[in-house]
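The chain below stands alone and is given as structure tokens, in the form predicted alone.
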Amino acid sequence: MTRSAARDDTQHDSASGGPGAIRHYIDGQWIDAANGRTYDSHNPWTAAAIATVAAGDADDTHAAIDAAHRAFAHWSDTPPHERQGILLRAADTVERRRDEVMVLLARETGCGRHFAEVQIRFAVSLLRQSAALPYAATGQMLPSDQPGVSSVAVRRPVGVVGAIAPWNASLILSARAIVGPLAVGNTVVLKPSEEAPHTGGALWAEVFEQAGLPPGVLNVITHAPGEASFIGDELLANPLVRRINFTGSTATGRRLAEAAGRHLKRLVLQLGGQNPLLVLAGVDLDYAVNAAAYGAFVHQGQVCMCARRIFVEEAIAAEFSERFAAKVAGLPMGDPEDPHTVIGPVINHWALSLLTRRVEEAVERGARVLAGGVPAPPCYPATVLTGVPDDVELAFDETFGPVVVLDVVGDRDEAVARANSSAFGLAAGVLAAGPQEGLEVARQLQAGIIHVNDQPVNDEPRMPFGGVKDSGWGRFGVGFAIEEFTEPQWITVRHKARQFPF
């Protein structure tokens, strides 16, 4: 099958929503897994099979890495205007396919209309902002104490970058994993989640193929559920891969970091979060309720930045809790393709089971349910708990779904101390009576991202996105791609002969 035919088939299947074939994309070709295996991808709302997906392993990954390595020399030397043109055409393609992509996101990941629009806007903006990177200054003159010597520091692309992206914001997070590295001259091997092989993988291969990206510059390898390690291990061990970026759980990120250390391989890690939202006395309660509901339940709580714990000052706790519980109880739940739906399905049965178990554990230990709390497969309703003991999983681990814990604190100092007691440090929000108080509190919080007078779910392509503590290291963002995905190189030029002592 030719490349164009494979691409057209995939587009037709995704547009119609019928079962299709998602293959690997290696060296500009759409191909089956070398082992011949496949798995079925399912719609989380209907449970219907929506695609047959190549179930790759280390052999496919090795082939993709080799293709990326062969393509690197030419791509890294491609004139800036050509790289820029490809990125801009890719942005136009995503924008043109907007309606189709919204359907794909709903049917593959249960993503509702609002968050699908957020993802598409971000992806288009990321591509257009990144189109400036090929023209970014890549070096500087350095003063030297050696007479007659010119000394420069230049930035060089590292080579092959391994990109591992999750399912929850599949369009955004796969784009973020590949666009920056490509823009500064690297080649990429992308491993999307098995839950989002199209919107997190094959779709980007389609988009960049249409934009004119040369073969081998971007390669996409998919895998069956439970088999990510076949691909991840090859990315870690293969010496041709010089950087890896990973967005996902802290447990997996820690394992990757330990293995990467043995290979002296640098990582960019954006991991989990137990993100606090501080609601302080004097805040506009209507605004605080709406902000908290959005921050906790956008995309049914399946966003790494979502508020997981709300710390509210005692002086306003009773009124805030009553209003917030009423707001949450009224959030519409159901089909993600219905534009009125706020709470769609969680990604799979395992996620639903985990939510159910953790809420039941908290209630058995004395927590009180203010809203929700009863599963409605394939959905879990927006749920608010209070009085959750500190030693149950909801209190200290990231629970990826529409569940938030509300804690009453005596004052803002206690709120800060409770927020900082978490092992995580990704994002936080502070709702205060005014910006000055909010900023004073923000300076005390241990998080990589803090939003004053807003909830934690915010992102822009150029901003330094990443966390501290168990939430990872390094930063994604257009403004930081050069630092993360290039290496500095020191070069000197001597303008007259040097006198050697022997």
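As the structure is a computational prediction, the values presented were derived from the model and not from experiment. In this text, residue numbers run from 1 along the sequence as written.
The same protein also has a form predicted in complex with adenosine-5'-diphosphate, omitted here; what follows describes it.
In the predicted bound form, adenosine-5'-diphosphate sits within 4.5 Å of a heavy atom belonging to K191. By the criterion of a heavy atom within 4.5 Å, T252 is counted among the residues contacting adenosine-5'-diphosphate in the predicted bound form.
Contact annotation for R107: none of its heavy atoms lies within 4.5 Å of adenosine-5'-diphosphate in the predicted bound form. Remark: S170 does not count among the residues lining adenosine-5'-diphosphate in the predicted bound form, judged by a heavy atom distance of 4.5 Å or less. Not one of G295, F311 and G429 comes within 4.5 Å of adenosine-5'-diphosphate in the predicted bound form, counting any heavy atom. This chain is displayed alone, yet in the predicted bound form one of V101, L256, A91, V405 has a heavy atom within 4.5 Å of adenosine-5'-diphosphate; that residue is L256. Proximity to adenosine-5'-diphosphate in the predicted bound form, taken as a non-hydrogen atom within 4.5 angstroms, holds for one residue of T78, N290, S229, Q140, which is S229. The chain is drawn here without adenosine-5'-diphosphate; in the predicted bound form, the stretch among 361-369, 338-346, 193-201, 379-387 whose residues come within 4.5 Å of it by any heavy atom is 193-201. Residues of 153-190 placing a heavy atom within 4.5 Å of adenosine-5'-diphosphate in the predicted bound form, in sequence order: I164, A165, P166, W167.
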